[in-house]
Ligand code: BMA
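Just the one chain here, the form predicted alone, laid out as structure tokens.
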């Protein structure tokens, strides 16, 4: 992958899949604009970039902050080639137990932020005549566990946003969705901690993947960087699962 002289925006870029994506882009020669509210980790990544990364504290669910951050990034690096909409949170509740405030919080961070960042980043890609938007959805856009109504809804809606962007801005702009299975991120570890027996939940997650392990963030980061590269130039409008075979085998069936 050759990302020399190209610039990526990564939302939720201070940790987890976002931070892994930042590291891969930097390794492959890109400049990276990191948008996140986590200033401690964001500043550390900025330092590691040695002038090729810029951390901007930003609430990506607020349009004015997104608009200003994109403008600041363009001023620093001159262009936007890729947008990785990775920012997201997990909350556990059924629809009948979800408060309006919690519903809005999940939708704003997981979905509205992707819309806002695309709205303000795509015009800069259009000036170049080329660009890529990657929306980080989830395998739960296709399959669902229980008790995650707002999260599943937000991640499923990202697939519609992906198709819409792909259709409306073709052929100059490509847009794809990445749908990870369980990934060892701070968000997933927080989810494990909500259980009375976190180790049991961890093992259940391991067991439900055909790979018999959960993914590391760098594995998803590598895939995201590939999708942005010219090697993936014929890929648009689709959702790609990187899920260790989650949901492939019929529950209760045996392989032997």
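Positions refer to the first chain, counted from 1. Predicted model only: the values in this text are computed from it and were never measured.
In what follows, reference is made to the form predicted in complex with this ligand, a form of this protein that is not presented.
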property	result
Segment assignment from 121-129, 69-77, 101-109, 177-185: heavy atom within 4.5 Å of this ligand in the model of the complex	177-185
Complete contact of 133, 173 and 235 with this ligand in the model of the complex (any heavy atom, 4.5 Å)	no
Among the candidates 215, 205, 26, 54, the residue which, in the model of the complex, approaches this ligand to within 4.5 Å (heavy atoms)	205
Exercise: residue 145 in contact with this ligand in the model of the complex, heavy atom 4.5 Å	yes
This ligand contact at residue 246 in the model of the complex, heavy atom, 4.5 Å	yes
Contact of residue 138 with this ligand in the model of the complex (heavy atom, 4.5 Å)	yes
Contact label in the model of the complex: residue 151 to this ligand, heavy atom within 4.5 Å	yes
In the model of the complex, residues of 92-110 near this ligand [heavy atom within 4.5 Å]	92
